[in-house]
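What follows is a single chain, given as structure tokens, in the form predicted alone.
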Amino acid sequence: MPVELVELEGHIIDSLIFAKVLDVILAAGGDYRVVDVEIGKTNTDVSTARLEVSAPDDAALASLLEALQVHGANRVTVVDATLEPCAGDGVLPAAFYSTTNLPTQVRVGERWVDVENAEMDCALVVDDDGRAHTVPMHRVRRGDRVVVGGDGVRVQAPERPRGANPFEFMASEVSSEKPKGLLVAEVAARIRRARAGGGRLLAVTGPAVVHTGAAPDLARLVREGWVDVLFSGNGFATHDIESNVLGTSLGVSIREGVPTEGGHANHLRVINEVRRRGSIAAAVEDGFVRGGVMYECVKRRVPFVLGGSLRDDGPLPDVITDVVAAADAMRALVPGVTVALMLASTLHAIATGNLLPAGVETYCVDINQAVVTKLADRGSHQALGIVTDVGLFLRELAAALCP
């Protein structure tokens, strides 16, 4: 059986990464031998482990090593990365290295180079000046030098928060039985800490934020300067405007919670009026829209991206209907974001999670437990789930941050 020596370094014991790596090896039909382990004794000490990994054949071993690297297990053999030029625009070499969102380094010219703008499911491009950065497939150009294979690439193992941490309650990342008040208080504290360090907060919102009556609380957070970027879709923006112009959300009265006569067309009417004016900003400026999340974003000049989907009515003129262009617009606003709140959103939350580096503290809030696990399942290792009604969550968060 072909064999490769791999190494793990970091807080791999208390973060359960070491155990996860062993599980991945066995699940793939491989085997391992622990060559050496050195366990850190304090919270600040790192641990290291070396494993001899084997698989039935070379192809299986290559696939296993790729799966292990997602968890920070890197080959010990040190060689420069292999670079191959793109043969055409938007087309990668067949054996291109597919990135994770973890901190990554590439070995070029016998030295390790940090990869800029960590993002999953991209290529690694090395410029002529030796800089390395991630590039999505559609943005590579003919002649770009792309890393192929896994040689000369290493990633840093993902870590969980250490020490006293309410997110470790019940030793699970997601639970419907966690104390919500304590979690909201901790999220608020981390947002304050991130803001004090110059970080930015990204809110990713679904229409349920409006339907549950939480939009005024989110608008308050925007107005008081806590939200720096907003990603959403046509549905959220439409119902936010509908609720402020007509007092309904999907035709249901926000105040009384009952359907209104002819209300099923209310969202279409506000879309039509915003389209008549040309943009959400124009609708705010001429007084058609006088409150709400989108209103506050315009007034405070908080950048937002509304990404379209097949089921959109209208859509609003600000919606980017080209999904590739929408992802690029979101990508341009990610730098500097240190905390992300995924609020009752699945589609846009996953799309955003694909763009975020692993170092961004990410909290996924939804009443459906299956939704809050999707981000982690799709590779956003940093995502922590809070299973609760988004309306209750935002009400408490706004009370904590905007006393």
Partner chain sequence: MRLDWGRRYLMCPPEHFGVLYEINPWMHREVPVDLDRARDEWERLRATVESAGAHVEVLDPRPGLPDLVFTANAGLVEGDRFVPSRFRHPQRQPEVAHDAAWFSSHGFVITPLPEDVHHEGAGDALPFGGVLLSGYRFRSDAASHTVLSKLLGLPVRSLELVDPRLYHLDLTFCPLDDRRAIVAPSGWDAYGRQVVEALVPEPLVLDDDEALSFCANSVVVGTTVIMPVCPARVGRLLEGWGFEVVESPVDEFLKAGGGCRCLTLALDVRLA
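Residue numbers count along the first chain shown, from 1. Superpose the two forms; the largest set of C-alphas matching within 1.5 Å is the rigid core. Note that the structure is a prediction, hence the values are computed from the model and not measured.
The same protein also has a form predicted in complex with the partner chain, omitted here; what follows describes it.
Here the chain stands by itself, but in the predicted bound form one stretch of 331-339, 352-360, 50-58, 63-71, 63-71, has heavy atoms within 4.5 Å of the partner chain. Residue contact with the partner chain in the predicted bound form: Ser15 places a heavy atom within 4.5 Å of it. Contact check for Arg395: every heavy atom lies farther than 4.5 Å from the partner chain in the predicted bound form.
Among residues of the shown chain, Asp389 is not one whose heavy atoms approach the partner chain to within 4.5 Å in the predicted bound form. Although the partner is absent from this view, Val37 stays clear of the partner chain in the predicted bound form, with no non-hydrogen atom inside 4.5 angstroms. In the predicted bound form, the partner chain lies within 4.5 angstroms of at least one heavy atom of each of the following residues of 15-51: Ser15, Leu16, Ile17, Ala19, Lys20, Asp23, Asn43, Thr44, Val46, in sequence order. Annotation for Leu347: C-alpha shift under 2 angstroms between the shown form and the other one, rigid core superposed. Annotation for Gly72: C-alpha shift of 2 angstroms or more between the shown form and the other one, rigid core superposed. Closer approach of the C-alpha atoms of Trp112 and Val24, by 3 angstroms or more, is seen in the predicted bound form than in the present form. The pair Val126 and Leu68 is at least 3 angstroms farther apart at the CA level in the predicted bound form than in the present model.
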